[in-house]
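Shown next as structure tokens: one chain only, the form predicted alone.
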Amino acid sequence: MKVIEVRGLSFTYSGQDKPSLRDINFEVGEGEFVLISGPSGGGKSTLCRCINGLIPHFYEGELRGEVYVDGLPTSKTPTHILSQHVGMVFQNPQNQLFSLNVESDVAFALENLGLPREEIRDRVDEALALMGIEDLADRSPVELSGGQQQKVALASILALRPKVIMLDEPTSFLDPMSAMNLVELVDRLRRKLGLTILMVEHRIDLIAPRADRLAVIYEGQILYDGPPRDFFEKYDGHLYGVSVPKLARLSKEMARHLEWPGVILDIDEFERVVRLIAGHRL
């Protein structure tokens, strides 16, 4: 079942001559994990803003085409309604956290929706538990690490119980271990809750093994949309602003010398193939 439909989407920001998006057609099925990558300024964040309704409700410009999320036309649906269907976690979590403590931050959007107090309590407790941060409820967000702040930002979105969660370069301010933990957590939540995930990222090594699809946006258009490993088989990612995973580079080098089954992006699969080939050569 399609949860996101983008048809003939073009957008030019007010005051600019060059469109940021040009004739984008894009669909995402329920429960998919889609990695979005490409060069800076290529249109990735603009596409996310169109999907969650920030365009056209908060950004002015010329918009053409249609975007539907969970059957709702984003250009005609108020953002407070869209927020209950599609949530957004931004690059810097501090931009989403402003209350005196974590619990208040997670409850903020629910209170603005006017939900009953008991339901707000239940949803906040549920979101904190899903993120494993119940012990942070009374802490100030400014006291937390970057990884903890991202978990709080994600909890505030989960409390709204959307079908779709978009994350715009969520690992940019995190060290490698915290970044890996966050990506693994997002994937577990997707499987547990049946969420649809769209993640804009440059750390391809971390995301590609878990993503169902890779969408590469280049100069406002979708250059590629398909399995991540197929992209690295066919394209030199560096030419299109996409970092090439180390395992992809190593796979191509191995294929020059051995009977190798193409690009491999998962470390466990890579190890199995190496052991299999080594066993046959003994």
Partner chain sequence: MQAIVFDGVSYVYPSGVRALKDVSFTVERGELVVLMGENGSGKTTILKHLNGLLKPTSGKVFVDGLDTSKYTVAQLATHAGLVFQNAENMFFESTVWDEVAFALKNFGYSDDVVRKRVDWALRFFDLERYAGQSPFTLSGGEKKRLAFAVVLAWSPPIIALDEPTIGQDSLQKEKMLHMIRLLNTQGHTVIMASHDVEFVADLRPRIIAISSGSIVADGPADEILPDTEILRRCSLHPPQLALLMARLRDLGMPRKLVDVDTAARLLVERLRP
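Just so you know, these numbers come straight off a predicted model, no measurement behind them. Positions refer to the first chain, counted from 1.
Not on display, but discussed next: the form predicted together with its partner chain.
Exactly one of the stretches 25-33, 38-46, 222-230, 63-71 approaches its partner chain in the model of the complex with heavy atoms within 4.5 Å, and it is 38-46. In the model of the complex, no heavy atom of S75 sits within 4.5 Å of its partner chain. Although the partner is absent here, L247 lies within 4.5 Å of its partner chain in the model of the complex, judged by heavy atoms. Contact annotation for V216: none of its heavy atoms lies within 4.5 Å of its partner chain in the model of the complex. With a 4.5 Å cutoff on heavy atoms, M177 counts as touching its partner chain in the model of the complex. No residue of the trio I4, E126 and T196 has any heavy atom within 4.5 Å of its partner chain in the model of the complex. Comment: its partner chain is not present in this chain, but in the model of the complex one of K163, H202, R190, R121 has a heavy atom within 4.5 Å of it, namely H202. Comment: its partner chain is not present in this chain, but in the model of the complex one of S140, S104, Q91, S83 has a heavy atom within 4.5 Å of it, namely Q91. Taking its partner chain as it sits in the model of the complex, the stretch 240-276 comes within 4.5 angstroms of it through a non-hydrogen atom at G241, V242, S243, P245, K246, L247, R249, L250, E253, M254, H257, L258, L265, I267, D268, F270, E271, V274, R275.
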